[in-house]
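Just the one chain here, laid out as structure tokens, in the form predicted on its own.
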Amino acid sequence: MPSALPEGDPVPTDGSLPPSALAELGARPFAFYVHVPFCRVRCGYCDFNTYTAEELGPGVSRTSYADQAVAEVRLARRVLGERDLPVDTVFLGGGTPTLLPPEDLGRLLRAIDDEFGLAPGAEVTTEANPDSVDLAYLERLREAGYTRVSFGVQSAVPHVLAVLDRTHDPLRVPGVVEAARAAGFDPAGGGSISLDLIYGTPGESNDDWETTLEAALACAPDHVSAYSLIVEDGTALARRVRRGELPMPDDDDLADKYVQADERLVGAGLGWYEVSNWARDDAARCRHNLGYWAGADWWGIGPGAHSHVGGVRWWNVKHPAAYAGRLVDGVTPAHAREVLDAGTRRLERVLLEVRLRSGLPVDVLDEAGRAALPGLVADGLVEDRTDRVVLTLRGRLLADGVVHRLLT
């Protein structure tokens, strides 16, 4: 959810989609993403479309946000028509969704269920900061129908968290994970728990990263995401790097820490299923994100949220005040859109599916892409297979380069 919105084509005021997009509905899983753009503190590395209370300005309040999101769910129903379209996954991201009361998050989920219906066994995830929930909150969330919680841990080392401007106490993480488990967010309760980690923060040593990995694994999560730090333009972190206060993350250091993470996570029984994601078993994989990587359809709710249906991608206006105003006026909050041609859709399929453990079917590649495969195998970047392109560990470290060779 980058803070700068791309340009695109105009969107009809009623949000209507081309018949070609609607014709594809139901051919792939359908999902909702709900962006909750509120944070207590802005993290220095984050360029997501988020706002602290002081940045919201007049006329915008967290207390009215659930009503606005529900209004967009109803708009989605009008735009997509009355066809049967059960929702396979719902994902609340941010920001910090759990700054809203659990009753508001429950109301959002009920609106999706009322308008579309949740598919049997639907996966319903919310992100949460470790200091934004307790046992009582998590119990109410589980009762409301949420099945999965993803905690933004990032690091277990205080000086690393300080560079990231993260304010939670790392010593609180084991307790909040245990609270989530007690509330039913684990396989025994029909749910699952994920931890998000970041590596490569300036000043983070290999020992620091090992401390974080050990702390994360001690919590026995069902799923771990580990992302390399990216210094995004316009962030406080980027300004500190530009002024020479902090070094830019080093590519060799990032590669070493990725290998370190893979060894530790795999050794603890979590297998990789996407370049930056590991799960204890197939049931613990994030089905919502798998939908993104596999080209599924989803409607993005909230300011700046992106959507994709049948080869049409659109994105909402950025600021919560503008978003609320559009919905009050009864018009779509979409800012702009693009219709993806067949070539772009194939390119994006290669870009995304090659990152998966299941790999990319070889027949998706054109002649030049297939001709590149022997060289990629010889270089130890992909497995020696005839049916699918599957990255080796070395290939995961150089995934962007692999994609470039497959597409040029």
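Each residue number is its position in the shown sequence, starting from 1. Model, not experiment: these values are computed from the prediction.
One more form of this protein exists, namely the form predicted in complex with a small molecule; it is left out here, but the text below deals with it.
> Counting only heavy atoms and a 4.5 Å cutoff, which of 179 to 187, 107 to 115, 88 to 96, 252 to 260 contacts the small molecule in the predicted complex?
Replying inline: Looking at the partner contacts, the answer comes out as 88 to 96.
> in the predicted complex, do 125, 222 and 292 all put a heavy atom within 4.5 Å of the small molecule?
Replying inline: Looking in the predicted complex, the three residues 125, 222 and 292 all stay beyond 4.5 Å of the small molecule (heavy atoms).
>> Check residue 228 for me: does it contact the small molecule in the predicted complex (non-hydrogen atoms, 4.5 angstroms)?
In response: Judged by the heavy-atom cut-off of 4.5 Å, residue 228 is in contact with the small molecule in the predicted complex.
>> Test of understanding: in the predicted complex, would residue 285 fall inside 4.5 Å of the small molecule by heavy atoms?
In response: Heavy-atom contact with the small molecule at 4.5 Å: absent for residue 285.
> So, in the predicted complex, is residue 232 in contact with the small molecule at a 4.5 angstroms heavy atom limit?
Replying inline: Judged by the heavy-atom cut-off of 4.5 Å, residue 232 is in contact with the small molecule in the predicted complex.
> Is residue 166 close to the small molecule in the predicted complex, meaning a heavy atom pair under 4.5 Å apart or at it?
Replying inline: So residue 166 counts as contacting the small molecule.
> Here the chain is shown alone; which of 316, 129, 192, 277 has a heavy atom within 4.5 Å of the small molecule in the predicted complex?
Replying inline: Contact residue from the list: 129.
> Tell me, which of 196, 139, 338, 210 has a heavy atom within 4.5 angstroms of the small molecule in the predicted complex?
Replying inline: Filtering the options by heavy-atom distance leaves 196.
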